[in-house]
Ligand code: HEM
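First, one chain by itself in structure tokens, the form predicted on its own.
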């Protein structure tokens, strides 16, 4: 019986946290700085798939092609959001947890810092010799005069000064160090908020506009369009941009500065209207100098050539006539492209090949361009017939999907090769009609972007930088001055001690400076 009693006494009761305790523990773990750093690292790792796999919002055709070429891996990656990383639920969860962690970490520290700023410096220790830095001297002045001089010296060095008794003075400075640290973290929170606002309410789109054509800011006019989750594409600002002229300047001097054929400048001369019925305004768009319209910025993202091509059927009826953009592949603007004639009968026609601004045919390289300006333009094309859009999947305007197409052959059985210079017409075999190269236009590759959070993000980033600089350069110090009567009447023993919150290699020099200033102010040599 006694043994059983002893066992009951020595067996401690295990505490139980309960639901409230577990919630408090979870909140403390989430709002710790260690968790915030881990979530920041996890966010960086989570962004890696966005640079490895094609993103549907950027290039839907490439994404669809990847899934088609990887029938096993592709659908699984799609289920987990790897083709739309920044809009996936798991990326949003990391983002929100990081935001909550930073806010929960910063708020308590801000309250503590506010109390510390308003509080008086602590009482001077009895033995200043035990502090990190210490200096002592005997001054030819009474104690009250020394303490008065100490207050003036410390205030001149931007210390906050307080006296707890008649024998000491306490001073401290460097609260801006913690203020800068908090400013950095608060600004980081607003950077995250600004990025989130830009993602939710922002949008971006790309469009190719040949010279002489007008772009209207409507969804149907974009080649690619990526809206934020909370963007209504029907509410886009109704502005228009008409491309009047595109000036491209290239280095034509072999002996001049720079490389022959190197681009010097690109300028798009445009006419804009802010809304239907508004007066037209002439503007220019340069590289890195966007055009600011209502609710969006228009960037000159690229440029190239758009040969004007006309395709007629066997009866001479025009089934295609347009300035068709070709995509430059090198510095001499050797460009690839495709002409998709979906209205041709009885079979759809697909031309593919090269546009050459200054065309030559070399024995080794075949058709090529030796200069980026349109000095001697030519088209080198092949021809396919069949279904241009198999499965209705999206595809690039610059390429042909040949899975359901048949290549047209010449009389000798070789693939048909078409060479066209401006003004020339070539009759197609098997009664397929004809193709004419009417001329050359330039095109402007415009990127239109709306980011309502960019100003908040910019200001927050600058404040974060300022806070980081302040936290790294400002030193948090406390200096104490204590006086006691010396053996000789009218003289005072002054003891100065210094304490730093972090590593401070110059603390000793600061203490000596305070003591030296005291000696000078009291007239002690």
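Superpose the two forms; the largest set of C-alphas matching within 1.5 Å is the rigid core. Everything numeric in this text was worked out from a predicted model, so none of it was measured. Numbering follows the first chain given and starts at 1.
Only in words, not in the display: the form predicted together with this ligand, which the text now covers.
- This chain is displayed without this ligand, yet in the model of the complex the stretch 30-38 from 54-62, 479-487, 30-38, 454-462 comes within 4.5 Å of it by heavy atoms.
- Contact with this ligand in the model of the complex, defined as a heavy atom within 4.5 Å, holds for exactly one of 293, 319, 105, 143, namely 105.
- 188 is the sole member of 428, 153, 139, 188 with a non-hydrogen atom within 4.5 Å of this ligand in the model of the complex.
- Using a 4.5 angstroms heavy atom cutoff to this ligand in the model of the complex, all of 109, 181 and 502 count as contacting.
- Within this chain, residue 98 lines the site of this ligand in the model of the complex, having a heavy atom no more than 4.5 Å away.
- None of the heavy atoms of residue 495 is located within 4.5 Å of this ligand in the model of the complex.
- For residue 42, no non-hydrogen atom is located within 4.5 Å of this ligand in the model of the complex, even though that partner is not displayed.
- Proximity of residue 468 to this ligand in the model of the complex falls within the 4.5 Å heavy atom cutoff.
- Comparing the forms between this form and the one not shown on their rigid core, the Cα displacement of residue 33 reaches 2 Å or more.
- Shown in the overlay between this form and the one not shown, fitted on the rigid core, is a CA shift at residue 44 of 2 Å or greater.
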